[in-house]
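One chain is shown next in structure tokens, namely the form predicted alone.
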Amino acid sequence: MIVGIDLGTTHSLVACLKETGPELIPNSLGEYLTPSVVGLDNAGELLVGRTAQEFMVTAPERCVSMFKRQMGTEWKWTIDNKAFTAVELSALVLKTLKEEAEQYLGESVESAVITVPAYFNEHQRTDTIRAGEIAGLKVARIVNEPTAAALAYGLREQDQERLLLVYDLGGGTFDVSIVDQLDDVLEIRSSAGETFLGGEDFTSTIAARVLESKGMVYEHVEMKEPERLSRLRRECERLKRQLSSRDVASLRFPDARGHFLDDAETIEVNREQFKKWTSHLIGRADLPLRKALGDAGLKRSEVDEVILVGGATRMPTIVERIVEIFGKEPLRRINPDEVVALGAAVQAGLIDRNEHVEEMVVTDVAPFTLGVETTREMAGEYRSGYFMPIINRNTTIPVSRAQTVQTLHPNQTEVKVAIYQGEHRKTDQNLFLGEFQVKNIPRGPAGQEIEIRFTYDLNGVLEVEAMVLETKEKFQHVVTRYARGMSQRQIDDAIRSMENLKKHPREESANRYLLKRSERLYSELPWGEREQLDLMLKGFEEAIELQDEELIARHREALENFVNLFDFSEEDDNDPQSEQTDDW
């Protein structure tokens, strides 16, 4: 079985293609969105998803999120003397999605299409594939998130000819893609984006402004009072969502330990105030827009439709900016949280030659420029470190391009070909991908010619070939997704290491989630209700220890009813005004 996975910065989803079209697969809690959060509780037990997200409110130092932003780097998160890379943390999320999909579908899931931001570089894409492999998946293809969204819309709305702009603002990344649709053919014209701009930055900005009003600095609170900041960020996230459907919303200000006292201050924020606070973030999103349009050689008036992707596009300030730029309301016919996963399932169907999508054709583009390092003569001396592009960004792939270079010195018999990815004229500001030697160049005067050919395919494999033109001898170097990082042995070791981590069995996941949610609510309640909750928690925990299913069910029902009655942080999920639907 092959599935499509949206491995998101804040939430992840999995979907598959059925006869009726792409369908989302719910997790063990019956939810489509699985938070991309990992934690280790005090007993050293691994928590992933909603359970970890709940635990993060009261124990932020034992949980980690937003690690997708660290893909392609050497960053590590250490807890209880255990170190996790972004790859390993992403693998834990993918492994959870895989297992829960298998339980829901009743069959083994062996491979997946995984989506990434369009502006992910080669190292970030490589790390994503490694994460999939550690999770036990064969990664059939890496697909850009805006491309996946376009596939979902293209499947639903075939037999059209139009120029689409996909505006993808997720929890942590921002992408723009220009897509040409002609019936069943989707051609990606250009992509641009920023990997450090998303809904979480809007939440952080609200928190920073609230703290500033109290004479506090965000970074200082983050270091000295993590519990306060964790609780405040949750309040700010709730407020941000409320302001998408209301003109005014409020939040409670926690104390230094992250508790809400009986007399906790309530702070009101209106929509105009929020817009003013976050205007700099909206401005940052304009640059990739201009870049994508410029690379495609288009004016904004030529765009027929704008598609909104990512939960952060629900903010009215985003919609207002789109209308201001393009003079039209954007499309939101498919839930922006779900559209990428649905499109990934369509791509999975294309790879699996599913008859329901066999007529669709999609092309993509190289997100970054690819080239080699060259040396230039300046003021009578040679200076190295200059970048010579061979495949320019937003070139449709698969593609093959060639450039000719020359030797610098008389009787030079070897040349080093250093391969880079990026947009800067100097190689020290671009991403190094690999290098190889060209040998056996015939001796002679300077200027012996060598043709360097780059061939880049849909699977992200770059083949570089250098041919000495006089002798026709060729030298090759393949930059694959395995070019950097772990060997196969290291991947196998990582898989074994993660298997050794203690993890609650699947049948307890709903219980674990309820426990963490109750523990988080405990610190929010006044004393009387807190004492009552403590008694109910004790009974529930004792039932779990006894492994009496009937007793567990009785205690769970009572505890759920109590928590639902007092957990005001969940009010948005039950508020019809803010319900997230396709027509939102």
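Predicted, not measured: the structure shown is a model, and the values here were computed from it. Start at 1 with the first residue shown and count on from there.
Only in words, not in the display: the form predicted together with a small molecule, which the text now covers.
Exactly one listed residue, out of R130, R189, R241, R141, brings a non-hydrogen atom to within 4.5 Å of the small molecule in the model of the complex: R241. G311 is the sole member of G349, G422, G311, P367 with a non-hydrogen atom within 4.5 Å of the small molecule in the model of the complex. Within this chain, E235 is remote from the site of the small molecule in the model of the complex, having no heavy atom within 4.5 Å. For M315, a non-hydrogen atom is located within 4.5 Å of the small molecule in the model of the complex, even though that partner is not displayed.
Residue contact check for G172: one or more of its heavy atoms lie within 4.5 Å of the small molecule in the model of the complex. Though the partner is left out of this view, E122 does not reach within 4.5 Å of the small molecule in the model of the complex, counting heavy atoms only. In plain terms, the part of the chain that comes close to the small molecule in the model of the complex, with a heavy atom within 4.5 Å, is 164 to 172 out of 181 to 189, 87 to 95, 164 to 172, 259 to 267.
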